[in-house]
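Shown next as structure tokens: one chain only, the form predicted alone.
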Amino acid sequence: MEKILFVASEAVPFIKTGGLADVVGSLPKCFDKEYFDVRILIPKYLCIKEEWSNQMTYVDHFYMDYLGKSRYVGILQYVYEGITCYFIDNEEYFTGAKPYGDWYKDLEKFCFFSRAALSALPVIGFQPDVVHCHDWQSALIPVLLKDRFHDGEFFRNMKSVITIHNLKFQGVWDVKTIQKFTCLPDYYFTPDKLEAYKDGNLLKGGIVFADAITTVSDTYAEEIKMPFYGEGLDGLMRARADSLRGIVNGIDYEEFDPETDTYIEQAYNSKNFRKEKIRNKRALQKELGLNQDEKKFMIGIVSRLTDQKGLDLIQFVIDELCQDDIQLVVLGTGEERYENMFRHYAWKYPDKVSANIYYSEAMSHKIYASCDAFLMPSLFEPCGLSQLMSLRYGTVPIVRETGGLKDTVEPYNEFENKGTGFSFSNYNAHEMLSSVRYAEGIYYDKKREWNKIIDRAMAKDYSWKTSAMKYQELYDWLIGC
């Protein structure tokens, strides 16, 4: 049996700030348990809800020398839905109301965590064949496996994989600081290792020393080899191209299922959506105080309100868009200028725009189930999960062709009766607007065609099982090397 350990800074259901937690918490459940023993290791943050922390059991503890002090490392365990999850406990590092906060302290905290994670393995008696690290927070592990842990019999044959969820976040500070936190010798701080543009860079170290590198879509794996998307590491990504592969994320098909979703007004499926889905639209229009007209073309946006998500494109044409026969429902928080922009247009067009400047799981499900289309005009999108949820709920995505959006949304082709959504390629506001209007035209004038798009969208399978198969192939290949 192959043993795999996921090491990350967050995992559902224990702690979540973004899509990383979904991957780490959901993916391990989908591996073939006959051949793979997959476990998870994350920090035991003080901010983990008591309903989880109270169920954790103490396994062991030890003391580890780090930055001139002997530091406590506690190990706790909890088996969640058949997956063994370990938690590294140290109240000095993992206190606070959120898992992240101060960049400087976070760098020290996750360097400590990476070292403690490896040191804990002999204590718990789990010897993974592959340590699967996620993003910069655990990127020191592949370096340590080639450095001081390499000589130990226990670690000698351990392979490492690093998954880049978003290349923008790299764990960067000056070389002196990163060298201090990593406790690595000078040898590692050269441009072919952990040094980048005169700074220390943890993610770069992970990419250089990992045995394999993955990212969360095929297109993003290609994009990050180019300067525009490469965040200063495009040269390194090209150099390691043979070890890099893209594997699209999935979503939990039990959690996101219009047939069993308790958050929505009316359950429906791919056979009866023509009759039943519309009841969710009526209920949402009523709840949000929009014009109650079930024939209106309703567009949803559930997003962090930031530049990355293409909101400057929306800002440029929203007045024009509001002249059309549409409704726009927005949910999310982020940059103040975008929050205020949507509030302003909700005031200006109260029967057409609903600005919900907060986040609610229930409201997000209602939007996926009620809207006709879902808009995602991202500047870059490593994978994206919202478009996968939209496809699942038969809400037609309108996306820019980048990263995972390009890989998961097939553009509508009226001549070949193909496609699961609408897309545009250039980062241009009027190109986006013409895609929205093209979708609008099909919705109003070719309803039968529109329903066929929904048929194809709901037939797609972006569950975690598909992704798990590709990771299994990767692990088999690595272990066989």
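Note that this is a predicted model, so its numbers are computed, not measured. Numbering starts at 1 and follows the sequence shown.
Heads up, the form predicted together with a small molecule isn't pictured, but that's what we're talking about next.
- For the small molecule in the model of the complex, the listed stretch (335 to 343, 196 to 204, 374 to 382, 407 to 415) containing residues with heavy atoms inside 4.5 Å is 374 to 382.
- Using a 4.5 angstroms limit between non-hydrogen atoms, residue 16 touches the small molecule in the model of the complex.
- Taking the partner from the other structure, the small molecule in the model of the complex has no heavy atom within 4.5 Å of any heavy atom of residue 136.
- Using a 4.5 angstroms limit between non-hydrogen atoms, residue 457 is distant from the small molecule in the model of the complex.
- For the chain shown alone, residue 95 is not a contact residue for the small molecule in the model of the complex, no non-hydrogen atom being within 4.5 angstroms.
- Interface residue among 177, 315, 308, 243 relative to the small molecule in the model of the complex, by the heavy atom within 4.5 Å criterion: 308.
- A heavy atom within 4.5 Å of the small molecule in the model of the complex is found for exactly one of 359, 253, 126, 104: 359.
- Highlighted residues 144, 160 and 209: none comes within 4.5 Å of the small molecule in the model of the complex, counting any heavy atom.
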